[in-house]
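In structure tokens, one chain follows: the form predicted alone.
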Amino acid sequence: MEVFLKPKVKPLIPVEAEVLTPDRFAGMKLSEIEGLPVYVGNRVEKLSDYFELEGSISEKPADQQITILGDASRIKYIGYGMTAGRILVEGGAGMHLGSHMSGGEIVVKGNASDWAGAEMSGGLISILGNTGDLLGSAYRGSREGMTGGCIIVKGNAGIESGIFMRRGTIVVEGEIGSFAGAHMNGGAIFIFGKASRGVGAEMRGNGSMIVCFKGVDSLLPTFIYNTIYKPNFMRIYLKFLFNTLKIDKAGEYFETPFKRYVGDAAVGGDGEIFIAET
């Protein structure tokens, strides 16, 4: 079952639309969905003020797809807290895309803004363009960011991606901004472009892994060089990225040796940063 939403206008003020989830749509009538509340500044308006809706509704979120036919870069919280189903955005998406989601799939064919996948615990987010800052990160004041699921970015990502990450996987095929993986305590970040400074700052937990395929602008001196080798587990990871997640670039590194660094020693951490020897 699929519902199509066609944007009527590009709002001057971002629209907070937490209702744009399969969980909320499932079992409703189109007329009821059109009347769902969205927040614009200090006003409460209706979803139909910003979208034309048509299509069919499922009784179960897992069987529901929402397709946004156009640019939604001023629409915030698309897929917020979703547990199942699928969302396809044909253009760009606004801030907080898929934040707190625990299941289902979101695909954005354009760019996404800041906080995509913030504090998500499951599901898959695929962004075919670039994304903003704080990808898969913890909100300010929280000490737990992404705890599960997978985020794939085909383009570049901004600063502070994966901060306070606990579990899950982030894959960035382009470049990534400074302080990626800061405060990590689990999970894995794969960066196929160049990584900026501050990678893994205050990284702590055993099981935390950052893999940089094109090097790092400046690795913190509190990461201690350990060895250079071809880890068997890395080949398994790369085959998963190549075969399951369709990351073609992963296929270039099956036999590549990696330099291993352990840290962040400044906080007694034993996370790992691997840098491809190319």
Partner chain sequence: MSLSVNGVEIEDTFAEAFSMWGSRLIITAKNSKWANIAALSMTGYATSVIMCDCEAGIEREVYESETMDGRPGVSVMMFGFSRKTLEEPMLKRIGQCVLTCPSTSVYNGLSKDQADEMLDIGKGIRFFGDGFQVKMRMSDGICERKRFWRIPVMEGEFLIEEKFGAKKAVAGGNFLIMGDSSQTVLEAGEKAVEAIHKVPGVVTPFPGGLCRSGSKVGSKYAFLKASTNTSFCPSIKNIFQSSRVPKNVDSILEIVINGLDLESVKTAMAEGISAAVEVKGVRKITAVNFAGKLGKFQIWLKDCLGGL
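Positions refer to the first chain, counted from 1. No experiment lies behind these values; they were computed from the predicted model shown.
Omitted from view is the form predicted together with the partner chain, to which the following refers.
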Legend entry - Non-hydrogen atom within 4.5 angstroms of the partner chain in the predicted bound form for each of Phe4, Arg24 and Leu128: no
Legend entry - Stretch from 24-32, 64-72, 225-233, 51-59 whose residues place a heavy atom within 4.5 Å of the partner chain in the predicted bound form: 225-233
Inset, instruction - Note which of Lys194, Lys109, Arg167, Lys154 lies within 4.5 Å of the partner chain in the predicted bound form, where distance is taken over heavy atoms; exactly one does. - result: Arg167
Legend entry - 4.5 Å heavy atom contact, Gly92 and the partner chain in the predicted bound form: no
Inset, instruction - Evaluate Lys239 for contact with the partner chain in the predicted bound form, applying a 4.5 angstroms cut-off between non-hydrogen atoms, and reply yes or no. - result: yes
Inset, instruction - Give a yes/no on whether Gly207 approaches the partner chain to within 4.5 Å in the predicted bound form, heavy atoms considered. - result: yes
Legend entry - Residue contact check: Ala84 to the partner chain in the predicted bound form, 4.5 Å heavy atom: no
Inset, instruction - For the stretch 92-128, return the residues whose heavy atoms include at least one within 4.5 Å of the partner chain in the predicted bound form, in the order they occur. - result: Ser121, Gly122, Gly123
